[in-house]
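Taking the form predicted on its own, here's one chain by itself in C-alpha cells.
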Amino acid sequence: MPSTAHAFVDATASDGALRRFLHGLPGVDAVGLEARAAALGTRSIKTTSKAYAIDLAISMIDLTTLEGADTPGKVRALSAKAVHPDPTDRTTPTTAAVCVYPDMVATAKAALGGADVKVASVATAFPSGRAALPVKLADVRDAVAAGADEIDMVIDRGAFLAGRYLETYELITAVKAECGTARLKVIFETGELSTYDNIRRASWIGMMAGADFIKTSTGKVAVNATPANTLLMLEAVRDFRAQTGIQVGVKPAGGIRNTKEAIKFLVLVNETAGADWLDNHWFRFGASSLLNDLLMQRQKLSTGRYSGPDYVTVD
C-alpha cells in the first residue's frame, strides 16, 4: 500500500507549502458541477437493477442515533434493526454500521454480538469540533478502547476557514494515529465551508492526512449532503487514487431520506468514481430514516403492493 504521508511530504512541510498546493488545485466550475449532478440524477434504471440498488443501499447505511436523549435501550433496538432490518425477510442485507456517541459504543458492540455490522463512533467534540486537542484525542481513545471499528471525526471548520490548513491536516493525522486499526472518516461539514473550492481543498487535506473516508456532514446543520457536493468529493477520491494509488471512501450524510434519492447517489458513484466504489467498504450513507423507505420499496418490489404503516419501525 503506498504511503499517503510520503506522497505529500513536500506539500505538508509547512503551512505555506500546503497553501500553495491546495490553491493550485483546479478551481471548481460551480455551474458545471451542479448541472452534471442534476443530469446524472435524471437517469432511470430497470426494475431488476432497482432491486439490486435497494439491497446495495441498505448494505451501505450507517444506521445512526446521535441525540442527547439516547439510551442504552434505544441503541440496542437500533443494533437489532441493523442486523435484521426486516425481521420478516431474512434475505434483507444487514446495514454497514451502527453509529453512536463514544459512551454508547460498548452497548452497541454487545448488542451486535458477532454480527457483520461495524460500530462507528463520532468523536473530536462532535458536532462542533470546538475543544482542545487533548480533549479531542481522549474522545477518540475512549471510543477505540470501547471497541469502535470506525471513528467519524469532525474538523475544526473555524481553523480551516481562517486558512490554517496545516493545523487542520495535523489534527487529522493526530486522530488517525489514535485510531489503531479503526477506520477514520473525516467530516467536513460542507454546509459551513461556503464554496465548492473549499470542499475540494478540505477533501485533499483529509486524504493527504490519511482519512479512510471523507464525509460531507454531521447531519446537524441546515445544508448537509447534496448531489453536487458529493459529486465533487467523488471526483476528489477518483483523482487522488489516480495520483497516489490509494483508495479513499465517501460518505454523504444528512438529508437523504428516500429510495429515489439514494439511487441517484449510487448513480453518481458509478458514473464518477466507478464500480470500485460500489461497495460498503468504500461508500456509505449516513442516515436512519432512509432505511425505512428502502425497506418499504423492497417489499413493494417483492409483493407488488406497499406495506401498511406498521411494516417498518419508526426511528
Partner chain sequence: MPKEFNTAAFEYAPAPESRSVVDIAPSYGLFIDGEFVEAADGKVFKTVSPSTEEVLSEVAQAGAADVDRAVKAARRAFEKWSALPGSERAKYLFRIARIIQERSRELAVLETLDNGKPIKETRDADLPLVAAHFFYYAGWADKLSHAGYGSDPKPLGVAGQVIPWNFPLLMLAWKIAPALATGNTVVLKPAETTPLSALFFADICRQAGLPKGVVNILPGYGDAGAALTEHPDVNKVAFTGSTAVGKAIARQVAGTHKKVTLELGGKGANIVFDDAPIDQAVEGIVTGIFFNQGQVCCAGSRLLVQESIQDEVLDALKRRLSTLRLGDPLDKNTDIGAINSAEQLARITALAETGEAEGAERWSPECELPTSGYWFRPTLFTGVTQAHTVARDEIFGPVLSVLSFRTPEEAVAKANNSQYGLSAGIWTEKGSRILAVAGKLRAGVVWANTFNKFDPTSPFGGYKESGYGREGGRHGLEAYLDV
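Numbering follows the first chain given and starts at 1. Owing to the predicted nature of the structure, the values given are computational and were not obtained by experimental measurement.
The discussion below concerns the form predicted together with its partner chain, not included here.
Heavy atoms of no residue among 83, 112 and 304 are located within 4.5 Å of its partner chain in the predicted complex. Shown alone, this chain has one stretch from 247-255, 38-46, 64-72, 286-294 that lies within 4.5 Å of its partner chain in the predicted complex by heavy atoms: 38-46. Heavy atoms of residue 127 never reach within 4.5 Å of its partner chain in the predicted complex, leaving it off the interface. Mapping the unseen interface onto this chain, residue 116 counts among the residues with a heavy atom inside 4.5 Å of its partner chain in the predicted complex. When its partner chain is considered in the predicted complex, residue 280 lines it closely, a heavy atom lying within 4.5 Å. In the predicted complex, at least one heavy atom of residue 239 sits within 4.5 Å of its partner chain. Taking its partner chain as positioned in the predicted complex, the only residue of 64-93 that brings a heavy atom within 4.5 Å of it is 93.
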